[in-house]
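So this first bit is one chain, no partners, the form predicted alone, shown in structure tokens.
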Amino acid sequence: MSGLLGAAEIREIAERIGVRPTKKLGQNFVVDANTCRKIVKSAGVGSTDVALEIGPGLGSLTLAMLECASEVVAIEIDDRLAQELPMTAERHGFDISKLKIINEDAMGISSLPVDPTVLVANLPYNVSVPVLLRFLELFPTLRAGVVMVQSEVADRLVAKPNSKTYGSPSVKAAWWADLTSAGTVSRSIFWPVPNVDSSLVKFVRKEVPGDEALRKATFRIIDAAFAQRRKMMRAALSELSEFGGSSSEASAIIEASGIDPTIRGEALELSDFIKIAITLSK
């Protein structure tokens, strides 16, 4: 087994290439090798997997994935980090032909050179939800994964109806996958130490409940339902042109879906939002 990065080496690499972790890019580098191996194990990365990483940074998780996967695709926005990563992998005895680095912004990615099967990432706090939803949508070959996110975001992603943290991210992510909590992570494993707690979220892909037209219609209803949480569904959806701009018309469509129009969005599951979208399309 090849060696992984330790705290001293991570700081040395950063200093040598002139990288100072920035809040803007959400850079908090993982400096604990044991944590990296645990995350990769939790994601179930195996010898036939093409592992995808978003924001590899200095390479802590990347090297842990190279120990297990047949191939690793890493998307890194920072030029210096993208250039240094293969050299770090080579110094640690890894076959760098197994490592593909894409020096781009993850939010601008629409295709990859290979089909990824598992996602493992320490996602930047500021873009974690849109990045995760985008990659679930774009890459149906992703069968599972584990992402490290701010604990507050993790709570939202795994939340169930009628809880304070349940919202648009919870429902949208459920379109593609079943998401569960995979534990918390100590602040001390990061450099610099963040002023927020982090947690792991595991996802396992499931069959999507409908086509792209239905997804878009459902997501539009979800957005309206959670735009103002305290509004009843009939009032929230009356603001959408598809519902005729009136509370009574919205009420009729919601009722025809078998749902109480006075209910709030936070009490509904994904299947309920889908029912409304299907009724509307008729």
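These figures come from a predicted structure and were not determined experimentally. Counting begins at 1, following the sequence as shown.
Same protein, other form: the form predicted together with S-adenosylmethionine, not shown, and the subject of what follows.
In the predicted bound form, which of the listed residues (Leu112, Leu138, Ile77, Met87) lies with a heavy atom within 4.5 Å of S-adenosylmethionine? That would be Ile77.
Heavy atoms within 4.5 Å of S-adenosylmethionine in the predicted bound form: which stretch among 116-124, 88-96, 208-216, 168-176? In the other structure, the partner sits against 116-124.
Since only the chain is shown here, I'm wondering whether Ala154 would be in contact with S-adenosylmethionine in the predicted bound form (any heavy atom pair within 4.5 Å). Outside the cut-off, so no.
Could you confirm whether Gln27 comes within 4.5 Å of S-adenosylmethionine in the predicted bound form, counting heavy atoms only? Result yes; Gln27 sits at the interface with S-adenosylmethionine in the predicted bound form.
Do Ala159 and S-adenosylmethionine share at least one heavy atom pair within 4.5 Å in the predicted bound form? Judged by the heavy-atom cut-off of 4.5 Å, Ala159 is well away from S-adenosylmethionine in the predicted bound form.
Would Glu104 show up as a contact with S-adenosylmethionine in the predicted bound form if we use heavy atoms at 4.5 Å? Residue-level check for Glu104: yes, a contact with S-adenosylmethionine.
Can you tell me which residues in 55-84 come within 4.5 angstroms of S-adenosylmethionine in the predicted bound form, by heavy atoms? The stretch touches the partner through Gly55, Pro56, Gly57, Ser60, Leu61, Ile75, Glu76, Ile77, Asp78, Leu81.
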